[in-house]
Ligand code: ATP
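Heads up, the chain below is alone and in the form predicted on its own; it's given as structure tokens.
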Amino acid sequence: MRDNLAKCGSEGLSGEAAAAFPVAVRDLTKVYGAVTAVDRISFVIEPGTTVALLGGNGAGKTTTISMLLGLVVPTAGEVRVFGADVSRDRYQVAHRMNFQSPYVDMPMRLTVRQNLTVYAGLYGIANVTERVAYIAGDLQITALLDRRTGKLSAGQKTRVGLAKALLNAPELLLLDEPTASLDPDTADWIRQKLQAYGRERGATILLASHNMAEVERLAHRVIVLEAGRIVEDGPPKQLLKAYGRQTLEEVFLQIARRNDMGRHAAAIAAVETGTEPPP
């Protein structure tokens, strides 16, 4: 990762090398008042790979994805998608990417068909009716097309959200908890779909997930965030070997508890030295 980032050059991420990566980020930072949600993170993502963002609640995963989408303006740093500066030129690459999260609702009063038709139009998709019918059949939601979106179960909404995300056959797919609220069988089916999509389309996928088994299955690489900073970055097998663990869940827990203990020790030291008042 560091070698690839170095290829982008001293001029920042504006060179031709940066355009070779679907995602290139340097010193990306987002501050909300007194809270630093994302703290000077840098990484690139190779074409055709699936990268998982791991971290506890508040680690900065969703904020990072929001900045990649151009929905949140960075406080500092650079973020480029297919070489375009997302802060300025998001619409140059918007048609090449898409996003899904079960925590972002579509208009509830519209039917599934109406919602998918609207989004297909926004992405400038030709033959909208045929495309909606195809993607609904592919994701097995044809029976839901004429139901109001607000009447769907949480799992049904997740599947419809994924259909929306695949409408424009994106080269870069950003996913936030892609199998949340799904039963084990449907979740497994969705993971198979995502694996096939990445393989057949050569698509790049960035997903945030708390499901460690899902990450082990889907991800070629894992980036672990803690308090807005990258604390680990590498292939799952490499992390398992480095930590001497059998599963990513064990690795994640070790990292989280190590950092918790570190913060606790620092707080005690600050109180004992008089540099920080006790709570």
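The first residue of the sequence shown is number 1, and the count goes up from there. Please read these numbers as outputs of a predicted model, since none were measured by experiment.
The following text describes the form predicted in complex with the named molecule, which does not appear among the structures shown.
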{"query": "Single option in 68, 51, 59, 230 placed near the named molecule in the predicted complex, where near means a heavy atom within 4.5 Å", "finding": "59"}
{"query": "Three-residue site 32, 35 and 177 fully in contact with the named molecule in the predicted complex at 4.5 Å by heavy atom", "finding": "yes"}
{"query": "Residue 220, heavy atom within 4.5 angstroms of the named molecule in the predicted complex", "finding": "no"}
{"query": "Residue contact check: residue 210 to the named molecule in the predicted complex, 4.5 Å heavy atom", "finding": "yes"}
{"query": "4.5 angstroms heavy atom contact with the named molecule in the predicted complex for residue 91", "finding": "no"}
{"query": "Interface membership of residue 103, the named molecule in the predicted complex, 4.5 Å heavy atom rule", "finding": "yes"}
{"query": "Stretch from 230-238, 243-251, 59-67, 41-49 whose residues place a heavy atom within 4.5 Å of the named molecule in the predicted complex", "finding": "59-67"}
